[in-house]
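Before any questions on binding or motion, here is one chain by itself as C-alpha cells, the form predicted alone.
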C-alpha cells in the first residue's frame, strides 16, 4: 500500500531530534497558513532528550519521560516514521525507506538537514558484539536493567571468576556523557548492593577509560582534576592516557597511549562506549558537500553552502550533522560544538530565516551564541559545572544541572512529567527494581504455551 503524501509545497525536515522538532514546531502553523506543509522524517516516532540519558540509567527519570513524541506535539506536521536514504537536491527529492521495507520518493520545496549525530566507534575487535552505547533511550534503559540484572545474578554465583566478571563495570570515554554515566552507575550499583545482603561494595569494580590526559574538556582543568579525585574517592578506577585495544568475548585489553604497552586485562559483562559522536551518515548520502568529518557545510545563517562557498537555494542545516561557524570565536576549529545548547538555538534562527527567505517576511539573521557554560550531574546531590562562568560543585552544581535541563527539555507536558518523577524520588527514595526479559518479552508466554518441548511420539 502506497504512503499517502500531501501534494502541497513541502518543507522537508530530515531528522526529528532537537533541531527537527523545534523547526517543525516553529514552522508548522505558519507554513500551513501559506498553503504548504511541513514534513518531518525520522526513524523514531519521538525526539530523545539526550542529556537525560544518564539520569535514566540512574533511575531518576522514567525512560518514556525523556522522549518527546512527534505526533502528540506536531499536530500540524506530516510525520513519517522512516529513514532518509538519499537526497537529490537538483531534483528536489528525497528517498525514504519505511519500516515495512518499502521506499517512497518525497518531493520538496525546501529541505532542512537535521539528522544529528550517531555514536562514533573505532575498529576494535569485539566492541560491536560486547559493547553498548549511550546515544538512545533504548540503550539507557537497557543499560540500567543490565546493571541491576548482573548484580542480582552475581549475588547467587559461587564461581568466583564469573562473579568477578559480573561485578566489573567499564565505561570508555571521559567526556560529559561518560562521566555522568559512570557516576550514575556507581550510585545505582551502591544503592542496589546495600539492599542485597549477599553482596558487598568491595566486590564491585568500576573502571573509567579515557585516551586523553584529562576528562571533560567543557570545564576548567582544575574542575576536571577535582572530578577525577571525586570519582576515585567513590572507588571508581580512572585510567587516563589509556585506550581499549580489544574486547573479544568481553575480555578487555587496555593499553597505554604513550607507548602502546598493556596496562590491564580483565573480563567484564558490562562495557559502555561513550567515546564521541559522528555526523549522521545521511549527510554523505545527500548531494550536499561535506567536510573531512562528514558534516554538511553550513553558513552562519544556517543555509547550506556549495563547494564554492555559495548558498544553496532551498537548503538548510543545523545541529550535530552540520559544520556551522561559531561567530564568537570560541568553538574548536572555528565551528560550533555539537551540543544541545547550540542545536536548540540554531533551530529557532533557522526557522525564522527559512520563512523569511521563502516568503519574504524579513531579514535573514546570523546565528551567534555565547555559551552559557556547562553543568554535569554526578549522581544524586553531586555535580560540577561553570554556568555563566561561575564554578560550581556538589549540591549547587547538581541543582543547576537539574534546573537547566528541566527547563530545556521541550514542551510543558514533558517538563511536568520529569519534575514529577524527581519529586517522587525525593519522597519515596530511589527505585532499583530491575525489569526482566525486556529483550525477550514473549519468554513467559512461550514457556507457558509449551514452547521448546518435544512433541510426544504417536
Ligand SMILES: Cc1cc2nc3c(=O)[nH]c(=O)nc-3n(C[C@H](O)[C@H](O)[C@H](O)COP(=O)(O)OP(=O)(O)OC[C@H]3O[C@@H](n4cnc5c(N)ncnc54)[C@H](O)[C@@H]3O)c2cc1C
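Numbering follows the first chain given and starts at 1. The structure displayed is predicted, hence computed values, not measured ones.
If you look for the form predicted together with the ligand, you will not find it shown, but the lines that follow are about it.
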- Item | Stretch in contact in the predicted complex with the ligand, which is absent here, among 189 to 197, 107 to 115, 383 to 391, 149 to 157 (heavy atoms within 4.5 Å) | 107 to 115
- Query: Considering the ligand in the predicted complex, which of 355, 367, 288, 176 comes within 4.5 Å of it through any heavy atom?
  - Reply: 176
- Exactly one of 340, 255, 304, 238 has a non-hydrogen atom within 4.5 Å of the ligand in the predicted complex; which residue is it? 340
- Message: Suppose contact means a heavy atom within 4.5 Å; in the predicted complex, does that hold for all of 58, 130 and 378 with the ligand?
- Response: no
- Message: Even though the partner isn't displayed, in the predicted complex is residue 19 close enough to the ligand, meaning a heavy atom within 4.5 Å?
- Response: yes
- Is the gap between residue 69 and the ligand in the predicted complex 4.5 Å or less for some heavy atom pair? no
- Message: If we define contact as a non-hydrogen atom of the residue within 4.5 angstroms of the partner, is residue 403 a contact of the ligand in the predicted complex?
- Response: no
- Query: For residue 165, is any heavy atom within 4.5 Å of the ligand in the predicted complex, or not?
  - Reply: no
- Task: Could you list the residues in 273 to 310 that come within 4.5 Å of the ligand in the predicted complex, counting only heavy atoms and keeping sequence order?
- Result: 280, 282
